[in-house]
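Here we start with a single chain on its own, the form predicted alone, put down as structure tokens.
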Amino acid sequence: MDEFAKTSRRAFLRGSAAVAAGTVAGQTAAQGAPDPAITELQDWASYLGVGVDETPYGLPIKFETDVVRRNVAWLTASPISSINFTPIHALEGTITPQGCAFERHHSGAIELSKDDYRLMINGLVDRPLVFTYADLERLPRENHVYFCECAANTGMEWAGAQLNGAQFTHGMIHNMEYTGVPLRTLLAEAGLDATGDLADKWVYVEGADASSNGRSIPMEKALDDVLVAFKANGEALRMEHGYPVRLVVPGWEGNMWVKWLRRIEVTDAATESREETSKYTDVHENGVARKWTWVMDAKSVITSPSPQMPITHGPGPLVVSGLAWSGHGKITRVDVSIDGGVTWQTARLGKQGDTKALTRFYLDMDWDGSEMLMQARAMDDTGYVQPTKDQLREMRGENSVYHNNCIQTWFVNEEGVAENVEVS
């Protein structure tokens, strides 16, 4: 593996992208027989296509029907209080289409119209207020790209390799451009003079669905980058993502991104709701649970090759691709290993935008058809380095479900088929 890595780097130093592209094209041309897709008139060039009004709201073409959210039925007792997974293995770039972005519901997605929508701000404020949807649209708005990751993402992998696919191990995540009003703007409208010292104050945010999902947020975070959002990727939120209004809490666990946001209460202490006591706490080996672990630490995963994206073209030029993110800030570096962490190569990062957003990474290599143990390791601008499974277990044992940001390993065999494994 080590010699292969050295050879691969030398090959890329000697060559160029054009040479690599020529190699791929040469493999096709070497087959000898004429390609009918080039030499023969195809059906689609012989008749008129559909008109501009055929699909008023554009949908994916039928050839992409496998790029969909999926669930794992045995994970939960009912799809009403459950989760599904973003097809991260089949997407490129960093922006997640709304129709592919994972869902997490506690009592099912609800239909709430803009006309019926109300947002109340109460508690330790000067003026309790109620905002309509139209009121929110009149306030100064901002646009930001942020990732949203469920705290249970990769949660099944604590005790060993469980689910076979990047969609299932890491797909409780999306990355979208949100449009909305900063929460600090709404709090300023209500007034915080009566609140007193803000250092020890909190806000309690609550949703309008039957579960009344609610979480406590320290005032410092509330006045920082939290957004009351009503658009995603330039259009209205989807019902399953909290239409018409949801909370965006950049870098923090997805359960705090309350959907169908109906109430914001300023308090002098954390509310200690169900979702921050019996749930979304991290149980250590000794049975003691840590809480208020909101930030999603630096994490990465190779999306191709992976179990759902095998290598189908055989040996030769191979683009290794994946995603990295950190709730603390920006990703500064991603290393990739093909030998289970013995040696590492620094990946090429794609264009970065906002902090606390997904970063795409690539490693361009020449695969010789040998077996590989593929891993990615992310680092962020705080200096944090993504840990191994063993390092996490040393700190927290195997009782946890939440905040598993360990290094993921895919075993790729000589046929290019990938499998979820654990390196010990």
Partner chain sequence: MSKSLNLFLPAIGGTALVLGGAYGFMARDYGAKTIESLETRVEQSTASAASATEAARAAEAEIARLAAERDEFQAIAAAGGGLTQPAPVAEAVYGLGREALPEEIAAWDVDVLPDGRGLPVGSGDVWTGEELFVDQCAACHGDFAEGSGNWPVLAGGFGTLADEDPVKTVGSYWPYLSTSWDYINRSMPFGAAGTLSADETYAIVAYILYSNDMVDDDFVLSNETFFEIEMPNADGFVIDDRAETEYSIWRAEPCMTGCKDSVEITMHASVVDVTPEEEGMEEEAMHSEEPAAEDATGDAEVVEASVDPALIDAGKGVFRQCQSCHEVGEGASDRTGPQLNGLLGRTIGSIDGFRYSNSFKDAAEAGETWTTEALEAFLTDPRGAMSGTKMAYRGLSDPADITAVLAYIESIGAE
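A quick note: this is a predicted structure, and the numbers were derived from the prediction, not measured. Residue numbers count along the first chain shown, from 1.
Keep in mind that the form predicted in complex with its partner chain is missing from the display, and what follows is about it.
Distance criterion of 4.5 Å from any heavy atom to its partner chain in the predicted bound form singles out Leu129 from the list Leu129, Ile311, Ile83, Ala152. When its partner chain is considered in the predicted bound form, Phe63 lines it closely, a heavy atom lying within 4.5 Å. Contact between Ala269 and its partner chain in the predicted bound form is found at the 4.5 Å heavy atom cutoff. Under a 4.5 angstroms non-hydrogen atom cutoff, its partner chain in the predicted bound form has Tyr384 among its neighbouring residues.
Residue contact with its partner chain in the predicted bound form: Gly234 places no heavy atom within 4.5 Å of it. Using a 4.5 Å cut-off to its partner chain in the predicted bound form, not one of Glu54, Arg104 and Val248 places a heavy atom inside that distance. Only one of 96 to 104, 159 to 167, 240 to 248, 316 to 324 places residue heavy atoms within 4.5 angstroms of its partner chain in the predicted bound form, namely 159 to 167. In sequence order, Arg118, Met120, Asn122, Arg127, Pro128, Leu129, Val130, Phe131, Asp135, Arg138, Leu139, Pro140, Arg141, Glu142, Asn143, His144, Val145 are the residues of 118 to 145 having a heavy atom within 4.5 Å of its partner chain in the predicted bound form; the partner itself is omitted from this view. Whereas the displayed form keeps them at a certain spacing, the CA atoms of Tyr57 and Gly353 lie at least 3 angstroms farther apart in the predicted bound form.
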